[in-house]
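Given next, in structure tokens, is a single chain: the form predicted on its own.
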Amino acid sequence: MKNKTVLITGSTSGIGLGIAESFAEKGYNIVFNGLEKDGIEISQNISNKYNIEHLFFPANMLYPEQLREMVKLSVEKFGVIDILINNAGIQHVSPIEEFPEDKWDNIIAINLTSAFHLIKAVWKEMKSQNFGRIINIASAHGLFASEYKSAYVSAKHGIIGLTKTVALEGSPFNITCNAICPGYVKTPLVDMQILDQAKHHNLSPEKVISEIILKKQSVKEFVPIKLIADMALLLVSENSTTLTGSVIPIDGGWSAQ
């Protein structure tokens, strides 16, 4: 049987890169996506390391036509995208009265609307083969709010609603859709949040981590990317047909509070 193909947005850094490497280790074909300047090299290195087939697209989540083209060319090469993992995201931290409107628009577009466009683009082929696995990387902020993150919290709450709707529509066709809600993961995105919070609160980065970032987690550790990747691998298995519409916290006990 041919190897299955997974498209992972934002997969040349952070959580997406960790997920991509775990899937490559299992022999999946990978469609990489990212805007990093060394994205081609990153994807090629993983492909060589695990001897898999791959494509790389620097598609910008702000532009739906680029997303549709990425899917079209991927299907031309691999026949179908079996698995879609919507992971790409950006963040901005600011009080709401100072929140830049362009930042709001971009966060909603990249963190939420791009997932809709990609799901729509892969849907026909998933239905035709009676198999599809869609994972949306949401956040603990899809379940809970925090100050100064109005756009991010709104987008992540929205992605959970999208997840549940897609799960209902996909169930007759063996297409599942689930959301993973990580707590804080040590990624470049979180590193920027730490610096933003340090500036806003006039604290050292170390104080921000202990007193703000990890304050709501009962386990005072960053969530390992490998744990998120392992959950993603479970969700895409052939035997996970009845696991759909789920919102799965991996948040160091944040949701237990």
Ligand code: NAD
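Residue positions are given as counts along the sequence shown, with the first one as 1. On a predicted model such as this, the values are computed, not experimentally measured, just so you know.
This next part talks about the form predicted together with this ligand, which is not shown.
Relative to this ligand in the predicted bound form, residues Ile30, Tyr50 and Met126 are all farther than 4.5 Å at every heavy atom. In the predicted bound form, this ligand sits within 4.5 Å of a heavy atom belonging to Asn60. Among heavy atoms of Thr244, none comes within 4.5 Å of this ligand in the predicted bound form. Shown alone here, Lys156 lies within 4.5 Å of this ligand in the predicted bound form, counting heavy atoms only. This ligand in the predicted bound form is approached by Gly14, whose closest heavy atom lies within 4.5 angstroms of it. When you look in the predicted bound form, the only residue of Ile83, Ile137, Ile175, Leu118 with a non-hydrogen atom within 4.5 Å of this ligand is Ile137. Contact with this ligand in the predicted bound form, defined as a heavy atom within 4.5 Å, holds for exactly one of Leu35, Ile40, Leu195, Leu203, namely Leu35. Per the 4.5 Å heavy atom criterion, this ligand in the predicted bound form is contacted by stretch 88 to 96, the sole one of 75 to 83, 88 to 96, 165 to 173, 126 to 134. Looking at 184 to 204, the residues that come within 4.5 Å of this ligand in the predicted bound form, counting any heavy atom, are Tyr184, Val185, Thr187, Pro188, Leu189, Val190.
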